[in-house]
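What follows is a single chain, given as structure tokens, in the form predicted alone.
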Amino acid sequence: MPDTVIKPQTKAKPKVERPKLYKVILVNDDYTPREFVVRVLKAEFRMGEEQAAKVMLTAHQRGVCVVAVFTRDIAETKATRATDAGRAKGYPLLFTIEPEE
């Protein structure tokens, strides 16, 4: 009786590509009250008071500020909800997304 050698089968794992990430960007405007922007940042992006104030000020001074980075679905949802919160109060508050390089 010959000895049978059983080799373990190795399965090639398919390479799972990481999903592309998208930046959520706060666009400054001259009409939305700063306190409201801070409130939206805290509510939608779960920021603390201090961080939300820094993001709002950066957007105010530079025109735009990256708020956070997410997968596309989450970035789109958060940007839309944050923009809609401003629209609901009659403000031109705008959040956009763009792919991260």
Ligand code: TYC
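Residue numbers run from 1 along the displayed sequence. This structure is a prediction, so every number in the text was calculated from the model and none was measured.
Note that the form predicted in complex with ligand TYC isn't included here; everything after this is about it.
- Contact check for 73, 75 and 81: none of the three has a heavy atom within 4.5 Å of ligand TYC in the predicted bound form.
- Taking the partner from the other structure, ligand TYC in the predicted bound form has a heavy atom within 4.5 Å of a heavy atom of residue 26.
- With a 4.5 Å cutoff on heavy atoms, residue 40 does not count as touching ligand TYC in the predicted bound form; it lies far away.
- Ligand TYC is not shown here, but in the predicted bound form it comes within 4.5 Å of a heavy atom of residue 59.
- By the criterion of a heavy atom within 4.5 Å, residue 46 is excluded from the residues contacting ligand TYC in the predicted bound form.
- Heavy atoms closer than or equal to 4.5 Å to ligand TYC in the predicted bound form belong, across 78-93, to one residue only: 93.
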